[in-house]
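Only one chain is shown below, in structure tokens, and it's the form predicted alone.
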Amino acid sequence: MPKIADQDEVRLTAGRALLLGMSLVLTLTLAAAVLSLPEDQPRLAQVALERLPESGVGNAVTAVLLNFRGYDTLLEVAVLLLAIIGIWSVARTARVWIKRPDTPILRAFVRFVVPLMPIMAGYLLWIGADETGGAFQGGAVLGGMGILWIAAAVWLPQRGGRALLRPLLAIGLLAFLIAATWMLLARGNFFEYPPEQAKDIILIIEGAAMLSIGATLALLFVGGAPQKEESS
């Protein structure tokens, strides 16, 4: 037995040393790449601001996320979808046990606040085209709304309702893929929007992404397929 334990310890130490070495190599490679950049190279912020009129929106952050670097945002939305798929694959029941609160104060507060939160989310989505805001901010508000709703047991997504939740979770990624395919067929490149239609396309994509982000954040809070507490 001691020999087996010693062998396991040696393997564990070797694995840690290998991981440390790989991390060190990656860090040094990234550092060398950054240090090798020419000093007179224009910064990406400057380039983005110069091309901002072509993006269709007035907010540089939105232009970068939804136009100049649409691939990155597409992958971010895909990661959120994969996260909820992974959780539902390993957690058949909710990790957070949900029950009706003992006090009516929380439920009354939620019923008063929740109707205002979609309005705030919609405002953040709309203003994000030209000012600070956007799909992720609006999605965070919707996610908070869902968490409040679930915590107060005003609404509980049941196992049978997952068929209705799945399209909501996937609509953001689907909107990205449809827009990318459309631009590929129409213009020959992914995410190359016509300048006169860019703002409308971006708002449609952001609206769909906001719904998916909000639903994903709320269901991540649940931690699995949520169910009501069984009455004794």
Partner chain sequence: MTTVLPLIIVVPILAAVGAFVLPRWSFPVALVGSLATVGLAVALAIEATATGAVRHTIGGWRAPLGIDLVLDGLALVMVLLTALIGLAITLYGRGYFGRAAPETEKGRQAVYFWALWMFLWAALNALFLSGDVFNLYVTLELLGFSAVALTALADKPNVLKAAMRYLIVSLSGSLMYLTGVAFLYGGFGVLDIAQLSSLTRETPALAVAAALMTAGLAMKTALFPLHFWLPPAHANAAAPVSALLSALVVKGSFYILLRLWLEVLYPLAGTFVPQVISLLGVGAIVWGSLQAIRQTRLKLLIAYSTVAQLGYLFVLIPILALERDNTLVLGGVICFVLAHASAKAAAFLSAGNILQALNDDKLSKLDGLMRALPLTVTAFGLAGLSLVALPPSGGFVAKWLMLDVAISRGYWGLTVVIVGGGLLAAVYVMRVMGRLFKQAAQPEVLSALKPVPRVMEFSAFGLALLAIGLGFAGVYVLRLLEIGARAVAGGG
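Residue numbers count along the first chain shown, from 1. The shown structure was predicted, so the numbers you read here are calculated from the model rather than taken from an experiment.
From this point on, the text means the form predicted together with its partner chain, which you will not see here.
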* Asked: Are all three residues Ile127, Gly207 and Leu211 in contact with its partner chain in the predicted bound form, where contact means a non-hydrogen atom within 4.5 Å?
  -> no
* Contact of Leu82 with its partner chain in the predicted bound form (heavy atom, 4.5 Å) -> yes
* With the partner left out of view, is Ala78 within 4.5 angstroms of its partner chain in the predicted bound form by any non-hydrogen atom? -> yes
* To do: Consider Arg166 of the chain shown here, and say whether it contacts its partner chain in the predicted bound form, taking contact as heavy atoms within 4.5 Å.
  => yes
* Asked: Is there a non-hydrogen atom of Ala170 within 4.5 angstroms of a non-hydrogen atom of its partner chain in the predicted bound form?
  -> yes
* Residue by residue through 174 to 198, tell me which have a non-hydrogen atom within 4.5 angstroms of its partner chain in the predicted bound form. => Leu174, Leu177, Thr181, Leu184, Gly188, Asn189, Phe190, Phe191, Glu192
